[in-house]
Each structure stands twice: as structure tokens, then as C-alpha cells.
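So this first bit is one chain, no partners, the form predicted on its own, shown in C-alpha cells.
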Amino acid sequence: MSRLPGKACLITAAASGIGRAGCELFAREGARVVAVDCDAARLHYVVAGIRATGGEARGVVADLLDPAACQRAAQEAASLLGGIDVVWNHAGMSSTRTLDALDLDDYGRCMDLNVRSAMVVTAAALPYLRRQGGGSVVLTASVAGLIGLPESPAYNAAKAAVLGLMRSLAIRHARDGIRVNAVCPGPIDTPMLQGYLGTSEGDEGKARLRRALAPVPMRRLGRPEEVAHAALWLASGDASYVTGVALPVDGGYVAG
């Protein structure tokens, strides 16, 4: 039995990694998916792959650093789907600059993509969610929103802000029948993590990976589909009494 039968789902940052896994999984679970990303070529590939396996998906190209593009993406998704039942705000970026090397432009982009895009997309989707009688909003935070990571203060601040936003929206919109939750991935094998770690080849790359895995009791990287399954549960009726939750998907990282 499918877990999102006929549900109209909007997923951002959908062209690779966790977002792509989410689009593919949600479609397999019966959802009608609008995938949003700034990379038109990769987005086309993801959408075509879902359709080839019998799923329903459409792509919307949008640069979510632009607030107007965030609004248009939600409105276009609602138009394509005839409404919105689920929003997964997955768009985000990392930052590895310490305060000693503070770059305000880098900080601004990190905050805008991680936090502002989620705010604007959700705000634009709210009328459609209310019209459906409620729905689910999932935000992608991080273990960095739950604990301190000394090498990335801007990313820490952004993901903590995502969790603050999630809790505020969960309280405010509970009476609308709109549940709002967050997934908090640990180290996941995605292009973003590989960019953060640098090359995985040679002794230096292996040492970097060992350091990344040291706080993880399960001693491995997570897989994108493992985060997607957690988001699927939060989005589905199986989590009908769950709102305001920050769900770690981290191999035990924050338990240590």
C-alpha cells in the first residue's frame, strides 16, 4: 500500500543527493511530484527517470537564492498539481569558513538558501495547504542545528535557524491541520558532503573521512535514501500526530 497516494508534493533541491532520492521515493509511494532545482539538465534527468518507472513528476527550474523565484516555484507547483499537500524544503548549502576568515557574502548565501528559501516557499504554499484542509511541511536541517560544529559557524547558525522556524510554524499552523517537522541528517554520502570533505582519494582524503565519521557510532556515511525514508514518514499519514519534531538521521551522531 502506497503511503502518499495521489498527494501533490513539492520538493526543492531535487536534482541530486537527498532531494533526488526523495523525489524518486515519494513518486514510488504514489505522490505526484514537482521537483525544483536550479540545474535544468540534472533536473530533467531526474524527472525523466521517475516517469520511465511509471511515476508522476514534473520539473520547475528555479534559483532559490531569489525570493521571487521561491514564490514562483510554489505557485507553479500548485498550478501543475492542482494544489499542494506536502512541501519538502530541502534546499541548502554548507559553509566551511571560520570567523577568522569571515566572508559576509558567503554567510548571506548560506542563510538565504538554508533559511530564507524555506520561509518564502512555505509562505507561498500555505494558502494551497489550507485549501487542501491541511498537509505536511518538512524542512531539512542538520545535526549542525542540534550540536556545535566548530569549523562551520555560519552553517551551524543557518541550520539552528531552520529548526527555530520549524518549531514556530508547527505551533502556529497546527490548527490549520498543517504539520511541520524537520529531518536532521548527519554525514550523508552526497555531492555536498564530498565538496565539504574535498577529494576522498589518497591519505589526506581518507583521513578527512575518518574525522567526519569519528563522532558517528555506526561508523559509516548515511545514504540519501535513508534520509528520504525519514522525510517520507514525516510527510505521510503515519506521522499524523507528529509536529514540531527535529528527527536526527545520523547513525547515532547526536546521541554521543
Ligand SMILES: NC(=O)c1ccc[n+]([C@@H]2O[C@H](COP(=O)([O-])OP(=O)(O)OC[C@H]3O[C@@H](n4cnc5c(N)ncnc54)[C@H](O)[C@@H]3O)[C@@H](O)[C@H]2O)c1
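Start at 1 and count along the sequence shown; that's the residue number. Note that the coordinates shown come from a computational prediction; the quantities given were computed from them, not determined experimentally.
There is also a form predicted together with the ligand; it is not shown, and the following applies to it.
Only one of 129-137, 170-178, 72-80, 108-116 places residue heavy atoms within 4.5 angstroms of the ligand in the predicted bound form, namely 108-116.
A residue is said to contact a partner when one of its heavy atoms sits within 4.5 Å of a partner heavy atom; P217 fails this definition for the ligand in the predicted bound form, lying far away. Residue contact check for G54: none of its heavy atoms lie within 4.5 Å of the ligand in the predicted bound form. In the predicted bound form, A235 stays away from the ligand, with no heavy atom inside 4.5 Å. In the predicted bound form, G186 approaches the ligand with a heavy atom inside 4.5 Å.
Applying a 4.5 Å heavy atom cutoff to the ligand in the predicted bound form picks out G19 as the lone residue from 19-36.
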